[in-house]
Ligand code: UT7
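In structure tokens, one chain follows: the form predicted on its own.
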């Protein structure tokens, strides 16, 4: 595992200088105290992914050239096209290996793990690099109008190197779901193929919010607290376990209140759930690999532990992975 976050720390008090908000308002609703926002002259979505990948490769005692395939999950690519996977391939100096971009937002890293898991189990590849990276700060409405969304999101990247093994450790199963009926409850509508940049420029409407993220917060919350336990239990049932068997649950860091609700619903102890949204905000596809890396670094993940990853987000999509470490 590896991760990278920018050096620039943005506190809730910093945000109060940009918009009508304060530390208490943000913490009560989200649990977030600070987040990281990039210096765009230094960091990009693919660049942060490369930094996280280099850390993961070093910890895996591997060279970049050992990688057979790249899976890159993000909702905030460097360009509309091509995707960032090929930029990582270029930056790591790899041969013409495949690079797949995954667009499943908050569930993207778990979806990416599932893809990598299948490639390895079928014998197509031995070593797969999975990255989740997000650069939100450049596209947020940093005024009072956009505060309900902008205070939540941070920038960062996480990466994992998956490799074939003969022992009983590894990914036991993954479980993926979507429900497009709710797609526009958490979305960025433009620019898009039916809302091109030139239209937005020609209209020059300062009140046009289609190019900023939109979130129906209460609606998302209600669905998240239902889908999270469902997909966690699905993974446990598929492998003959129950919630008490989990050594560590790492949920997508969307909102501390969601994580606390899930913990209470599933009757998990504090030491069975890992959260770091307080420091980094919601980093979408990067949140689970960042959290998992920190949990490993802090000694909260040990060989033989049963680890559950779970995510819910835009799409709506949701997913889980059960891992024997």
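In this text, all values refer to a predicted model and were calculated from it rather than measured experimentally. Numbering follows the first chain given and starts at 1.
Although it is not shown, the form predicted together with the named molecule is what the next lines describe.
Of 137, 255, 89, 114, which one comes within 4.5 Å of the named molecule in the model of the complex, counting heavy atoms only?
If I apply the 4.5 Å criterion carefully, the residue I get is 255.
Of 221, 125, 212, 241, which residue is found within 4.5 angstroms of the named molecule in the model of the complex when only non-hydrogen atoms are counted?
Looking at 221, 125, 212, 241 one by one, just 221 meets the 4.5 Å heavy-atom criterion.
Heavy atoms within 4.5 Å of the named molecule in the model of the complex: which stretch among 170-178, 203-211, 242-250, 221-229?
Single hit among the candidates: 221-229.
Does the named molecule come within 4.5 Å of a heavy atom in each of 80, 103 and 190 in the model of the complex?
No: none of 80, 103 and 190 comes within 4.5 Å of the named molecule in the model of the complex.
Would residue 148 show up as a contact with the named molecule in the model of the complex if we use heavy atoms at 4.5 Å?
Close contact exists here: in the model of the complex, residue 148 approaches the named molecule to within 4.5 Å, heavy atoms only.
Taking heavy atoms and a 4.5 Å cut-off, does residue 21 contact the named molecule in the model of the complex?
Yes.
Contact label in the model of the complex: residue 120 to the named molecule, heavy atom within 4.5 Å:
So residue 120 does not count as contacting the named molecule.
Can you tell me if residue 29 lies within 4.5 angstroms of the named molecule in the model of the complex, counting non-hydrogen atoms only?
Result yes; residue 29 sits at the interface with the named molecule in the model of the complex.
Check each residue of 285-313 against the named molecule in the model of the complex and list those with a heavy atom within 4.5 Å, in sequence order.
Contacting residues: 312, 313.
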